[in-house]
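Only one chain is shown below, in structure tokens, and it's the form predicted alone.
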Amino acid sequence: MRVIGIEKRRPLYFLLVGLLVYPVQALYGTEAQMPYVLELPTGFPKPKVPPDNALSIEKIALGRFLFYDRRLSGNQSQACASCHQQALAFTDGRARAVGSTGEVHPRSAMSLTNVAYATALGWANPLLDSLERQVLVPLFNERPVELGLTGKEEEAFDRLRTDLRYQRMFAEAFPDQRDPFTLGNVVKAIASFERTLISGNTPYDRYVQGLDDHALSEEAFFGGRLFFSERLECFHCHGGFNFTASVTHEGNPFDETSFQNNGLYNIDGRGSYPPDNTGLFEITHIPSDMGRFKAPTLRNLSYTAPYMHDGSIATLEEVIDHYAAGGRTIHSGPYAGDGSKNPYKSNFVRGFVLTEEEKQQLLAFLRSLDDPEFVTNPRFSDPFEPWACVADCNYDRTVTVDELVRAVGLALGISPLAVCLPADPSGEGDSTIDELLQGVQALLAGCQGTPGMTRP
């Protein structure tokens, strides 16, 4: 039997569904304080997660906002995302990073691709062995200044405390604390978000996992043979599922970080590197550690130019030329020297000869490690920017009844904000009647675009 008038009353109908369904869900357990299960690509192991910072949807959502929030810098001019931009695989396209006060860093901002698997966080510091510890460096580093928060911590927290959205998100992420606005919680939340930055949907991955026999071009296939050959030696420092020898994960028998001198400099023929970039030597003061830097992942290389720890090589073609020569020769200036003769250079950087065809094959293989989905995934994007659909909880540009029900639960306070961030486009920490009606409209008529959130 058809219910007369149901079409006209449909918006109210869906709201009533939410009011009825969500109390039941609250009784039997909602998504509040729900552990977050990483969606790992085929063939990827589980990353290690500290026992005192288990992943939850609330912490990850909070960390995403904090990662993009300029209020966490002393002068409110930069955020973590300023040097780690999603479109560039979470680096910044600069040869050397620039801090919030305009001070130039001696090194480039590393890509955060699969940073959850890193054994050391940074170019040449084995002591930075956890994301929680690393987050403190950009916040408080003074030589050079990065975010410049030193001495301004309380000022920054006062900014966050006045934000209605943060009042709810901090309380939901850390419900057992009277005052959750602490540095420790900021660190835990940002680290949790960074652990979700998993990239593994590349043509190479789809081919080797048997998901698509045509994903890898013939040119890239032969380039892969070159890459994994003893002739070129690339795989020794850039092997494994993450194309780096520096990797950790659950079940890994031991963790090791590969720091290598690749012959980039050889000042005066004695193996020296520029004084502000001596690599592992800066930590150990062991002469043979001069110029040794971490061998980073090769995933998403097309997005992360320029290359090397100081951004001194502009293109992938030049990178190949560098290794083919067995090191770089600088003919004049303060850093003049023949890097191929550096006494501390890795034994794997021996030089090789490639035909032009082989060079193009190798380039094709390296580009097969690009993951376009990773650099466009809305779950990793700036949450302060407007999203196309109110109540589109899973960011797929459609709204379902289930998502609208979640938005109602958010409005009623029985569901955490993290389960449906797009249901709060105003940034006031809940979903209003007007916002719920926009969600209903998106359900019935599709996404028409919505007012943007106000960026702090």
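Don't overthink the numbering: it's just position in the shown sequence, from 1. Keep in mind that this is a model prediction, so the values were computed, not measured.
The form predicted in complex with heme C is left out here; the points below concern that form.
Undergrad: Would heme C in the model of the complex be within 4.5 angstroms of a non-hydrogen atom of every residue among 112, 260 and 293?
TA: Spot residues vs heme C: full contact, yes.
Undergrad: Sort through 172, 370, 205, 194 and report the residue having a heavy atom within 4.5 Å of heme C in the model of the complex.
TA: Contact check passes for 194.
Undergrad: Scan 280, 216, 156, 131 and let me know which has any heavy atom within 4.5 Å of heme C in the model of the complex.
TA: Only one listed residue qualifies here, and that residue is 131.
Undergrad: State yes or no: in the model of the complex, is some non-hydrogen atom of residue 221 no more than 4.5 angstroms from a non-hydrogen atom of heme C?
TA: Output for residue 221 is no: heavy atoms all beyond 4.5 Å of heme C.
Undergrad: Residue 181 versus heme C, in the model of the complex: is there a non-hydrogen atom within 4.5 Å?
TA: No - in the model of the complex, heavy atoms of residue 181 and heme C never come within 4.5 Å of each other.
Undergrad: Do residue 247 and heme C share at least one heavy atom pair within 4.5 Å in the model of the complex?
TA: Close contact is absent here: in the model of the complex, residue 247 is far from heme C, nothing within 4.5 Å, heavy atoms only.
Undergrad: Heavy atoms within 4.5 Å of heme C in the model of the complex: does residue 233 have any?
TA: Residue 233: contacts heme C in the model of the complex.
Undergrad: Which one, 163 to 171, 248 to 256, 372 to 380, 141 to 149, holds residues whose non-hydrogen atoms are within 4.5 Å of heme C in the model of the complex?
TA: Selected range: 141 to 149.
Undergrad: Using a 4.5 Å heavy atom cutoff, which residues in 332 to 357 contact heme C in the model of the complex? It's fine if the answer is none.
TA: 346, 348, 349, 352 sit within 4.5 Å of the partner.
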